[in-house]
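The chain that follows stands alone, in the form predicted alone, written as structure tokens.
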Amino acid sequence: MNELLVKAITELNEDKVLKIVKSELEKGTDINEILYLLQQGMDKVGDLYEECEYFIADLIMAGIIFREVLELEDMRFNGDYVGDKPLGKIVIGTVKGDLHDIGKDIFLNLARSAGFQIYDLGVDVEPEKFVEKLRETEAEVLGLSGVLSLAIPSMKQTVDAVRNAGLKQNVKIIAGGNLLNSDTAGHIGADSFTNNAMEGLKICKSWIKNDR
């Protein structure tokens, strides 16, 4: 199953991906294992885009396939749900100057399936909009997404805006994007960073667990 699923999503074969996933779910394969393989396939799609073998339309298609898998009834995470009470609240958006949303949407779909309440601000989001939404929702986590190099200064401006508004002590900030590493995350002022949606979800869940 491993190589077949990774290959299917890398080749953007929607029907084959769904067929393999449904078959594995019927066998009782762990959801996390399936998501890990899907993420590997998504990473390969991203590599092909970086190598100019795939185009933006291919990235969008990969995102659509991923979302379709997450919408399967048996792919939903229910273990952390307690009645109608959300696991936690996350405000998320792609920062000012960046219009990419695939990574953001993959993460927010995973987080929503895990029981988080998600407030998606979309793309090209001004720092002030993040601040306003944090005030409105009292969310515990802020997710900043970006793919382009110009996203780094935009992320820093957003973190600075949150801090200047006096909200930082109540909010954990996670930055997501392929350009991020420990140095850039430190420069931005984020509490953590990730290049992987599943890893990002684990980080957010650990924050909520520790706070409670």
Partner chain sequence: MKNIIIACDTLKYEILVAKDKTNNSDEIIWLDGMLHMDTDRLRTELQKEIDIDRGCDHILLAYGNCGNALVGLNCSHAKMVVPKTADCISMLLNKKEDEISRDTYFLTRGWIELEKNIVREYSHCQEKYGDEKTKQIFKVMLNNYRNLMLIDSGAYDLNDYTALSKEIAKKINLNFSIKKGETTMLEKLFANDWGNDFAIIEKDKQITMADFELDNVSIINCVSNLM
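Bear in mind the structure is a predicted one, so any value in this text is a computation, not a measurement. Basically, rigid core = biggest C-alpha set you can superpose within 1.5 Å across the two forms. Residue numbers count along the first chain shown, from 1.
What follows is about the form predicted in complex with the partner chain, which we do not show.
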Within 4.5 Å, heavy atoms only, one stretch in 174-182, 161-169, 35-43, 22-30 touches the partner chain in the predicted bound form. Which?
174-182
Look up in the predicted bound form whether L12 has a non-hydrogen atom within 4.5 angstroms of the partner chain, and give yes or no.
yes
E140: heavy atom within 4.5 Å of the partner chain in the predicted bound form?
no
Taking 4.5 angstroms as the cut-off for heavy atoms, does L72 touch the partner chain in the predicted bound form?
no
Taking heavy atoms only, is V123 within 4.5 angstroms of the partner chain in the predicted bound form?
yes
Contact check in the predicted bound form: I64, R67 and G97 versus the partner chain, with a cutoff of 4.5 Å between any heavy atoms. Do all three pass?
yes
Contacts from 52-69 to the partner chain in the predicted bound form (any heavy atom within 4.5 Å), listed N to C, are C52, E53, Y54, F55, I56, A57, D58, I60, M61, I64, R67, E68
Would the C-alpha of S192 be classed as shifted by 2 Å or more between the shown form and the other one after rigid-core alignment?
no
Once you line up the core, how about I9: does its CA shift reach 2 Å between the shown form and the other one?
yes
After superposing the rigid core, is the C-alpha displacement of D183 2 Å or more between the shown form and the other one?
no
